[in-house]
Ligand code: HEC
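The data below hold one chain only, encoded as structure tokens and taken in the form predicted on its own.
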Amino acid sequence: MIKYLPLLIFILLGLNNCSGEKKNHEAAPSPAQVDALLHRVCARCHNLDMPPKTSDDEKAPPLYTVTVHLKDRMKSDDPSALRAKFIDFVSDYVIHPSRKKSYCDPASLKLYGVMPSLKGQITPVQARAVAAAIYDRYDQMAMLAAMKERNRLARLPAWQQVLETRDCRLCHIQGRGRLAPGFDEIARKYAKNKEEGLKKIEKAITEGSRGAWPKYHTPMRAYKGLSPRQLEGISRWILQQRKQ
């Protein structure tokens, strides 16, 4: 009997695995996938910015506001316990929301209502990963750091704001362009008629450019979202980079 024991164990294990019970082997999403979920699912109703932005027609409060509110209402002296409680609650609530479960105050519930269920749009594994990400991302210290950085950028000249927040220098390397002309090359090309050159530079920035520089084959993508002051500031700065 003993010599058949390994075979018996193997058969029993096989029967157990074939019992019809389905185990969830879904891998946790990567940080990039979590970010994509935030923008695809959460951003339909919540503003994701830090510092947050509000609007008169918003469907739900900014995600920062929701996260800080939940942390405050849940209360815990142990940060790790609070984080676990937060993840458990959020990952369940987004799939099975209800007024009874909600931590929202009555005024907010009246204004926004109970959120719609995300069942079928996000899996439980994905929901837990998203909950962990927003817990870590949206906190008051991060908010203070974001506001400090925003205030620092606001004090800079418009052209410098653009250079610090966009990837201009990755391609337009001064004096030794590889993927795209250096700022000095652009300035030399458009310096003869500055106002016309300014318009062409602004158009290239906002609409993108392809084929304007035969020496370089990498097309320039369009850069949206610059304020008029930033657009004019960076364009005029580029025109000033002509080397004598």
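We number the residues from 1 along the sequence you see. Since we're looking at a predicted model, the values are computed, not measured.
In what follows, reference is made to the form predicted together with heme C, a form of this protein that is not presented.
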Practice item. Please check if S102 has a heavy atom lying within 4.5 Å of any heavy atom of heme C in the model of the complex. Key: yes
Review point. For L109, is any heavy atom within 4.5 Å of heme C in the model of the complex, or not?
Key: yes
Exercise for review: Determine whether any heavy atom of I87 comes within 4.5 Å of a heavy atom of heme C in the model of the complex, and answer yes or no.
Suggested key: no
Exercise for review: Please run the contact check for S209 against heme C in the model of the complex: heavy atoms, 4.5 angstroms, yes or no?
Suggested key: yes
Revision key, fill the gap. None of V125, C171, A133, M143 but one has a heavy atom within 4.5 Å of heme C in the model of the complex; the exception is C171
**Study point:** Stretch 29-60: residues contacting heme C in the model of the complex, 4.5 Å heavy atom cut-off
**Key:** V41, C42, R44, C45, H46, K59, A60
